[in-house]
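Quick setup: one chain, the form predicted on its own, written in structure tokens, and binding and motion questions come after.
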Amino acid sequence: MTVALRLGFVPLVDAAPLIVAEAMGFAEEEGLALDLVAAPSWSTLRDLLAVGQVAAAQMLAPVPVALALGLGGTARFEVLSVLNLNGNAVGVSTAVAARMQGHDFMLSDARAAGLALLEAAGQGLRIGVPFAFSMHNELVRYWLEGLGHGLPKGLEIVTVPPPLMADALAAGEIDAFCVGEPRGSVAVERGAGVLLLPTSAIWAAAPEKVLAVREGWAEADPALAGRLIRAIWRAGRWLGREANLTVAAEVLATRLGVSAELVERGLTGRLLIASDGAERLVPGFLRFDDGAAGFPWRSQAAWIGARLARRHGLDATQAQTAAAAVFRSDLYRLHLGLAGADLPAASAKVEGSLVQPTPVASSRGKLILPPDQFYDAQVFDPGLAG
């Protein structure tokens, strides 16, 4: 029996697992008929999920964690899987780029890029991010704090919905942005901005978007939850094959309202960084599958919890514990164990400790985790039981 299921998303390239699951038949194979609902902003999507207008949604990874800590609303969400790692770009206005004389814009050195940006910006720097509780916000803050002087005076981090980011940059309302593709490329196409850095250069394996449901939904109907998790996982596997990316770009373009060429830049990491045609290849810019990319590591949630606790004056230990409980690695194991997924033996790890591809214990004995280091070589050990 086919079950109709409404899923919410924001039109970004990293909504690909949801869109591909519907368009390429992975949902149908699981007996699901997906009705995809596009939201104009993350606050709208959060509210749609909270009131049950959608059963599940693409969600910024920090949103369920923030809610669990009593920040940003009274709803409670759980994370069934990570939809993607990385996928965001930091960009600057053409005016700021012109003042960054001597910077080579190679998109790989986060420290050099940050120092050049601060020098060019002077006393005032307005950076647009899509939502207050987002990896964009957390990574921008982590990046600038780590340069050695704390957050610069005069820094403003403001919320701009992704579809409006290029408009805000062109209008001079912001000096820089951190946003998911294709919105950075749209700013470049319009001649309003220059790409400065992928967020993968700040944290090589940052959880970006997640598959979120209301608390208790997955356990109220385990069979349905399993079908959804498997459909999304299979879509992610398909997206992880380079040979499929041209087709994926065409499938996504219609949903996102941009050209397939712009979509393919984000999928492949082959980015046009400026309107003069300068191009850079960023390996690992956006990851859907390899190295257990979809696994909801409790340690990733704890990192987010620790960051939020620090900024909002909460107890760090309690925040990390509450955050970790939101990423349901137990349900991920339950529903993918028999589907062929190679699942890590642990549910938490020391984040930032891998400097090279590393084999780890797993259910099928073949799992290799890619590098996950932070740009400043720090590590985060949440002290959670594996």
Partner chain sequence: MTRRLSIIVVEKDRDRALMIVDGLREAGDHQVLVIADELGLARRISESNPDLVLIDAGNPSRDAIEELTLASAPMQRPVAMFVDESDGALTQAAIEAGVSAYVVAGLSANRIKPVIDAAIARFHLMQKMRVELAETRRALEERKVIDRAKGIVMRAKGIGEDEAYALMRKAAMDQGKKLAEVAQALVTAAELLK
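The structure displayed is predicted, hence computed values, not measured ones. Residue numbers count along the first chain shown, from 1.
The same protein has a further form, the form predicted together with its partner chain, not shown here; the description that follows concerns it.
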For its partner chain, considered in the predicted complex: do all three of A113, R280 and Q356 come within 4.5 Å of it, counting heavy atoms only?
no
Would G72 count as touching its partner chain in the predicted complex under a 4.5 Å heavy atom rule?
yes
Quick one: is T321 in contact with its partner chain in the predicted complex, heavy atoms, 4.5 Å cut-off?
no
According to a 4.5 angstroms non-hydrogen atom cut-off, is A132 in contact with its partner chain in the predicted complex?
yes
Report whether the minimum heavy atom distance between S347 and its partner chain in the predicted complex is within 4.5 Å.
no
Looking at A121, A274, V186, L314, which is the one with a non-hydrogen atom within 4.5 Å of its partner chain in the predicted complex?
L314
Selected contact from D342, E29, D35, D47, since only one has a non-hydrogen atom within 4.5 angstroms of its partner chain in the predicted complex:
D47
Contact stretch among 203 to 211, 296 to 304, 255 to 263, 72 to 80 - heavy atom within 4.5 Å of its partner chain in the predicted complex
72 to 80
Contact set, 40 to 67 vs its partner chain in the predicted complex - heavy atom within 4.5 angstroms
P40, S41, W42, S43, T44, R46, D47, L48, A50, V51, Q53
